[in-house]
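First comes one chain, alone, set out as structure tokens in the form predicted on its own.
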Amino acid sequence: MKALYSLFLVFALAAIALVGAGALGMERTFGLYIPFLAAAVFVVGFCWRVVQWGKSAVPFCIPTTCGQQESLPWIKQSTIENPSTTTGVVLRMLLEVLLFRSLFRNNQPQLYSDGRVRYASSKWLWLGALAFHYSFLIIFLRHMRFFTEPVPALIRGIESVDSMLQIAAPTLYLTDLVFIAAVTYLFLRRVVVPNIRYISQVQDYFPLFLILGIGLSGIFMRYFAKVDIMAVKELTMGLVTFSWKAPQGIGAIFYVHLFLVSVLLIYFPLSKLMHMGGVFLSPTRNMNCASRKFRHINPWKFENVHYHTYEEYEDEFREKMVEKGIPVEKPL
């Protein structure tokens, strides 16, 4: 039901754009006003979330590690998995951001009929996430040709490599296929795997259906319902130059695609998708593990605040601790 509710919501959003830009003729609203508002909400919301995270106190050394910490000189340290220097932290962050290192090391628990729990590799999730994010990035860079004039050589090169197989006319982009396949896999994983389905909520299904709707509407425009590319270029260039031009005859399907993208931009700062910015501010990733090299003093330990020490705690509960067999420092 949660998945169906999310799917219905995406269909309703597509219907709003289809009726508004098609039957009601509100091209300027769906082609100019809403996208501009969505971009403003995305930028302001993204910056606000990052600033809020940046202001959060991190009084302790709490990096997530999976290797030997720096210790005695004759013990070999894992400089990337458990870094104690800024260089090591940068290398670990690069592996995390570019190759999803922690997801690659992830294990999936499996409960067998004999009651034993075993941990198996979960590389398919890593591969699906990697394919999704990189295909999304390439598609995003390809679309920059609509917002630049002249089109940079880098974008033309990416587009040429993406269509190197020269399949069909217009040319089939490889990332289009990879993108749809990756999103479909991530959705099916949430539906098929029982424990993942149990913890999945509407906010997990909705962005998947929304992104899938964006991809399918874009593919439908390119290969089936042809749109006026020059008119689209004129509209997008009007957005970046604030000239506010809404050419006629683009087609309602384009406004459906653009409206879904606008909804994604507005939804982004409010959702789990903000992990794109949050990973750089996560203390479990961006801190070096030097707890044995330096003493980390709690900055919240104010002198005028009375703390309930262990001695006071034991004095208060000594009889009950002895009664339950809990060892105490002072006898009764």
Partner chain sequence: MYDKGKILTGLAVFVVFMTYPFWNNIGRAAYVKPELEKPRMAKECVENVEYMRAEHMAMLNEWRDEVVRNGMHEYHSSFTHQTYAKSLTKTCLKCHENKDKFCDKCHTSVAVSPYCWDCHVDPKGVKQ
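What you are looking at is a predicted structure, and each value in this text was computed from that prediction instead of being measured. Positions refer to the first chain, counted from 1.
Beyond the structure shown, there is the form predicted in complex with its partner chain, which is absent from this document and is the topic of what follows.
Interface membership of His275, defined by any non-hydrogen atom within 4.5 Å of its partner chain in the model of the complex, is ruled out. In the model of the complex, its partner chain lies within 4.5 Å of some heavy atom of Cys47. The closest heavy atom approach of Ala246 to its partner chain in the model of the complex falls outside 4.5 Å. Shown alone here, Phe42 lies within 4.5 Å of its partner chain in the model of the complex, counting heavy atoms only. For the three marked residues, Glu149, Thr171 and Phe242, a heavy atom of each sits within 4.5 Å of its partner chain in the model of the complex. With the partner omitted here, the stretch from 228-236, 255-263, 95-103, 178-186 that lies within 4.5 Å of its partner chain by heavy atoms in the model of the complex is 228-236. This chain is displayed alone, yet in the model of the complex one of Arg197, Lys123, His133, Arg156 has a heavy atom within 4.5 Å of its partner chain; that residue is Arg156. Residues Phe36, Phe42, Val43, Phe46, Cys47, Val50, Val51, Gly54, Lys55, Ser56, Ala57 of 24-58 are found to place at least one heavy atom within 4.5 Å of its partner chain in the model of the complex.
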